[in-house]
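In the form predicted alone, a lone chain appears below as structure tokens.
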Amino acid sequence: MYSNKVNRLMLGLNNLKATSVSSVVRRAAAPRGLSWTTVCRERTQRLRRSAGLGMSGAHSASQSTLDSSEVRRFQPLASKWWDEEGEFAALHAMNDLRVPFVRDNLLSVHRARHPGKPLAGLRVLDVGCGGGLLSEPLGRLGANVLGIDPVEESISVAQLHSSHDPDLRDRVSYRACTLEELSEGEQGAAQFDAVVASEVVEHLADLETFAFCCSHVLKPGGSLFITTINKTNLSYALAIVVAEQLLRIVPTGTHNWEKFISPEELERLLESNGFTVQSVQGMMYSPLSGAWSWADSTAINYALHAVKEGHGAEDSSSHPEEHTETTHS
């Protein structure tokens, strides 16, 4: 099982700039009447051919972020998003790490101007938001959050839950769509100060399209935050055998080891789409305590922060990040 390694994406393309590439493909698409989704797919195919990569492999099946089998898997779970003791208990607990990770790294670039609402004035896109478990706390920190998810049932749950909190009604909104649908055309360009994709990339059909569209919707200097699972023997043993089959921490079949991605591969993919990776930090979940903690090793779970190349509102060089050491182990 472990001998089948994912083909290395984007070898030799690290010098491509996503901003220039996206402007070129938008101009090329206009006279041909192509949709933005089609542009993303065609660019993905061209880049893979240039890199000598075929259309085989875990991340190259469809040139779309949407995996219909993942949608079908999450549809019957939609009503359980806000059960803190249920199937998504580990995601609820992960907020203790991922919310400060997003907040602190954003504040290293954007100074807080509103006491009690440090992210006020920032637009954040939560990709694969599910029931809004991460969208809501980011909204309470003052950010204007748009959560997107292809599972309409999950979006309905998210909308209903947030409607009960007056503090969120004008800050958090949701839309049932894919990332490429949101990024369609010029109107989707450079909308957000940050994109968050937490426990999402391991469920996507095509990561090149994901990275390209993230770059498209982000403002220059904007931040991309990802939490996901490394592709190692240990991650298979713990994330699938133990977590799914033995302890039933998450539903059986939630993860596919072939779709896991290492920090090194993810970093190369992001750099080829105009990002600079700022930090990678290992994460560890304890089934006994039900709590997450930061770890030196990235062998199982990890969090990544990358910045889109370009000049943002403030120079981040004068505000060192809390998590600056990159560890791949």
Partner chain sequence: MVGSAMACSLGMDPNLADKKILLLEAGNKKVMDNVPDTYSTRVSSISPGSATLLSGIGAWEHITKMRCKPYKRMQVWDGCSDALITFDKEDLENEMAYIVENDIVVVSIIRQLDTLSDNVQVKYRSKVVKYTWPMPHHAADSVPWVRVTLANGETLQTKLLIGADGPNSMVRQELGIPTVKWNYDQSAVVAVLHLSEPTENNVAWQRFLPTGPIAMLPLSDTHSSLVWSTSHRLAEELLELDEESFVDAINSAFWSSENHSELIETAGSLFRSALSAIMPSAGSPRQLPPSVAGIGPKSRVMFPLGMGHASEYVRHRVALIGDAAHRVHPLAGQGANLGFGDVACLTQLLSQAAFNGKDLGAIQHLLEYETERQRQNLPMMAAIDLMKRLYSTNVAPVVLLRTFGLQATNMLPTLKEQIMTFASK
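Values in this document were obtained by computation on a predicted structure and should not be read as measured data. Positions refer to the first chain, counted from 1.
Omitted from view is the form predicted in complex with the partner chain, to which the following refers.
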item: Interface residue in the model of the complex among Val99, Ala189, Val71, Val250, criterion: non-hydrogen atom within 4.5 angstroms of the partner chain; value: Val99
item: Contact residue in the model of the complex, chosen from Lys219, His255, Arg103, Arg123 - any heavy atom within 4.5 Å of the partner chain; value: Arg103
item: Non-hydrogen atom contact Pro150 with the partner chain in the model of the complex at 4.5 angstroms; value: no
item: Non-hydrogen atom contact His161 with the partner chain in the model of the complex at 4.5 angstroms; value: yes
item: Heavy atom of Asp170 within 4.5 Å of the partner chain in the model of the complex; value: no
item: Distance check, Lys259 to the partner chain in the model of the complex, heavy atom within 4.5 Å; value: no
item: Partner-facing stretch of 112-120, 229-237, 193-201, 175-183, counted where any non-hydrogen atom is within 4.5 angstroms of the partner chain in the model of the complex; value: 112-120
item: Members of 235-261 lying within 4.5 angstroms of the partner chain, judged by heavy atom, in the model of the complex; value: none
